[in-house]
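Next up: just one chain, as structure tokens, the form predicted alone.
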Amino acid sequence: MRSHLLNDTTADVYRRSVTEGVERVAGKLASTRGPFTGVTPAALAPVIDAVDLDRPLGDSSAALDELEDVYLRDAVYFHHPRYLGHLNCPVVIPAVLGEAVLSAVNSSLDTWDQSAGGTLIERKLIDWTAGRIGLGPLADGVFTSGGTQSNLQALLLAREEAGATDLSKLRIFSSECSHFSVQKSAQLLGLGRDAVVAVPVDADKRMQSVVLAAELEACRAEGLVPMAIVATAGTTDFGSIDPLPEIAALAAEYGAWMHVDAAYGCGLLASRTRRHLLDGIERADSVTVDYHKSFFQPVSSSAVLVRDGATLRHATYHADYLNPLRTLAEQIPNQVDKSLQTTRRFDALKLWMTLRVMGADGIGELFDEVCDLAAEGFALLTADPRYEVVVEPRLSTLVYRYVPEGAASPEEVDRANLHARKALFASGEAVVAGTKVDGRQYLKFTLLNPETSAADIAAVLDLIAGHAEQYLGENLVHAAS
């Protein structure tokens, strides 16, 4: 079995196996006709259940043959131009190269003696990102598994900085369109979900700063503590960006920690034409960025950044077997001192390779392309009498719904839109997302593929309308009979 370990004696086996795996995936990328095959859980589960994990195949080629049946054939392929579903991006080749390198070397980024240069590369990228944000000379941060973990850590720091002994008095303010991880973090931090005050949004789905000011004043009057304000720079559904300068001013006035969840909108940091949309983010106490969304990186590649690196001490614990206290005096750079995780992948290498090959402008141009595409999609939707669209996009999402010409109840329209999404997914021709707005069922395009065209969007709109019309027609016939 030692012949399967990666070392100097198995380098040729490693080279052949990885090359064969790459060839298989490259073949799938070239041959996929749609983003999905439409396979159902009921159909695929027996195929996977039939695999006997206690009887190894003993050969990577045979395992790859099997992988075709259990995974590759029916995977959801984000690179396809008609994948318009969730916040998933196609990945750039330099990042995939970085992924291959980091997996093989297998550095762990918790301590210097497990990662060496990996630690310094991650720190360099944190400094680079903090500089793009404008957080100042004391800024620091650490890579995370994703936006949910970043938001959790930011709110942990905010809780500790608030200094309150009675957790029941702490309050977090976020817009009603903010990410669910805000409520989840409050629960995990012992505050309870009721600690989160949902602030209404305006017609553009941005937090209403006037209402926020009133809520903060009410909080103070009731003897409660405004622990944190979470501003969103790129809401999941609408890509809306909260009024960051106004929120920053209110955070300063009421002594609240300002966190900006820029998991989606962080791509603007690399844009030469849209960076101004993030004006005010430089005043945040902490910021979430997801490179695996708008920087076109493989999952996972994310970070949380803070204005004052000293606040990261709230995540520090010294263990004699890992990062003993003496290492501080010795100035040994152990990233575990800043992280909620211990063992942690060298995900920073993917972004490093991307910047060294493409540069920040290259990333920004890709993100600008999908934002431009969303503007084209908005024009198509507003000109199409079959659809209504909720809001003009700031980033690259479009929320809309099919509306039939004839009389149909709101409930029937909801069911038609939900059916159209499911039918489209089952056909494998395209993938779109869904959400609810004011209790009604809507559909969503999340545009993160620069290869998607306005023609693709138009074609998918025709497919959706066809499925919805068929559903309504069949139900009218059924009702009449």
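Numbers for residues come from their place in the sequence shown, where the first is 1. Keep in mind the model is a prediction, meaning the values are calculated, not measured.
Beyond what is shown, the protein has a form predicted in complex with a small molecule; the following relates to that form.
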- Task: Mind telling me which stretch in 274-282, 178-186, 315-323, 217-225 gets its heavy atoms within 4.5 Å of the small molecule in the predicted complex?
- Result: 178-186
- residue 171, heavy atom within 4.5 angstroms of the small molecule in the predicted complex: no
- Message: Residue-level question: is residue 147 within 4.5 Å of the small molecule in the predicted complex, judged on heavy atoms?
- Response: yes
- Item | Partner contact for residue 232 in the predicted complex: the small molecule, 4.5 angstroms, heavy atom | yes
- Message: Considering non-hydrogen atoms and a 4.5 Å limit, does the small molecule approach residue 87 in the predicted complex?
- Response: yes
- Tell me, which of 286, 354, 151, 335 has a heavy atom within 4.5 angstroms of the small molecule in the predicted complex? 151
- Would you mind picking the one in 292, 401, 159, 82 that has a heavy atom within 4.5 Å of the small molecule in the predicted complex? 292
